[in-house]
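Only one chain is shown below, in structure tokens, and it's the form predicted on its own.
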Amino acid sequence: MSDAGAGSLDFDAALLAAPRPGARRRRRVLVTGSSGMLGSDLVPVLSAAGHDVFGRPHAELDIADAKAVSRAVRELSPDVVVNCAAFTKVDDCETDARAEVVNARAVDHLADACRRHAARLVQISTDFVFDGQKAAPYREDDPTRPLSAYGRTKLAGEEAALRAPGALVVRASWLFGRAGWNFVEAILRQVEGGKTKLSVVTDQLGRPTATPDLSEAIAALLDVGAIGVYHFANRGEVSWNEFAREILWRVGRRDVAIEPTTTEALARPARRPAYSVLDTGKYERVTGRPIRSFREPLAEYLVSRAHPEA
């Protein structure tokens, strides 16, 4: 399957210099899935950047409802629609029809509404559009070949989004954030529940990404008028096993044994790419912004988790 981002929308003229002071334009931005892990961080980041932000959680806007989407875009008249809504239970996607409905068909509804009302669509995608066979970080123009239903439906969502003029697709990997279930919580809650031995795979490599940092990246790409496909992930290439060790080391749980295992041994319903490291050079060139190591936002996450009242 060819890369969804390989099209005329992603042209060299979009490779602008770093945004100049005072260049930011106030926009009306609709954020779907605003109560989710990414959406809940993105709304305040865009608001702090001076935009008029309209967050709509699933309970207020079901993007699978074409009429509801059309009505929301017509009534709010946004300049930009950022779609943070997604069906992300990777294994469930293999058998649950909601994956196709939410990750693919619903993006068609958003793209149609954006075309009719001259709004830009920003679609959030995933490293799972790749097959993991490459030996170097994946660039935006590398061929896509998803191994799972989740990856296939997210790729279909990319293709739907890119049919809208001026669309932006941002692929990210291994997300963690305080407003949703993620790998950090999966590890810590097992340990807090009394487990002293965990088996975590060593044969899947990627770059963990904090949702606050991804939110800032989306805002930066909007500032420079980026279109087409971009990759964003925090710095630091690790296996899930190494990520687990980092988490437990930072909370002082050296008493917990993290044992190596393999993807084959776990026998999960959905296939995962063995290597899904994203190359973020294009993002860095266009925005002029450095990217932090995942260890910095991870430390912040753990502090806020320990002291949620702060």
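So that there is no doubt, residue numbering starts at 1 and follows the sequence shown. If you're wondering where the values come from, they're calculated on a predicted model, not measured in any experiment.
Just so you know, the form predicted in complex with a small molecule exists too; it's not on screen, but the next bit is about it.
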- prompt: Of the listed stretches (254-262, 241-249, 280-288, 53-61), which one has a non-hydrogen atom within 4.5 Å of the small molecule in the model of the complex?
  reply: 53-61
statement: None of N234, T88, T144, S215 but one has a heavy atom within 4.5 Å of the small molecule in the model of the complex; the exception is T88
message: If the cut-off is 4.5 angstroms on heavy atoms, which of these, V229, L121, I124, V129, is the one near the small molecule in the model of the complex?
response: I124
query: Quick check: do G151, L155 and Y275 each get a heavy atom within 4.5 Å of the small molecule in the model of the complex?
result: no
- request: Could you confirm whether S173 comes within 4.5 Å of the small molecule in the model of the complex, counting heavy atoms only?
  value: yes
- request: Considering only heavy atoms, tell me if L42 and the small molecule come within 4.5 Å of each other in the model of the complex.
  value: no
task: Report yes if any heavy atom of L46 sits within 4.5 Å of a heavy atom of the small molecule in the model of the complex; otherwise report no.
output: no
The small molecule contact in the model of the complex: L30, any heavy atom under 4.5 Å: no
